[in-house]
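Take a look at this one chain, the form predicted on its own, written out in structure tokens.
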């Protein structure tokens, strides 16, 4: 888990001002991958006390825009945030409980970046979401 000084370096490296809310949001997302905004607000408030919803939304927008966080929006789910950026990974989502896990892309050549027709786009990222049942929901379904 990165430290506050690691987060300060990240912010400065992205030419962002170092503020307590930005450090708190980075820390919350690093410690709670794939968290939604309300969960992040709860963690930030535990660490900082009073902070507005809007302040957290603004920080999430700034950190995502700077490439320090990634926003994912699985179909039927609220936006979620993760600190794993800069690689071409995907996600698996449980249809029952909404749990999300990272799935690494193919090692070496990433076939998901070779579209059958790129329509002239220069593709630098692909977002694949696998859907299914997580181990807990599969076990619960077998038990009932």
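Positions refer to the first chain, counted from 1. The shown structure was predicted, so the numbers you read here are calculated from the model rather than taken from an experiment.
Below, we turn to the form predicted together with the DNA, even though it does not appear here.
Among heavy atoms of residue 61, some come within 4.5 Å of the DNA in the predicted bound form. Residue 75 falls outside the set of residues with a heavy atom inside 4.5 Å of the DNA in the predicted bound form. A residue is said to contact a partner when one of its heavy atoms sits within 4.5 Å of a partner heavy atom; residue 97 fails this definition for the DNA in the predicted bound form, lying far away. Proximity of residue 18 to the DNA in the predicted bound form: non-hydrogen atoms within 4.5 Å are present. In terms of contact with the DNA in the predicted bound form, the residue from 66, 35, 83, 51 that brings a heavy atom within 4.5 Å is 51.
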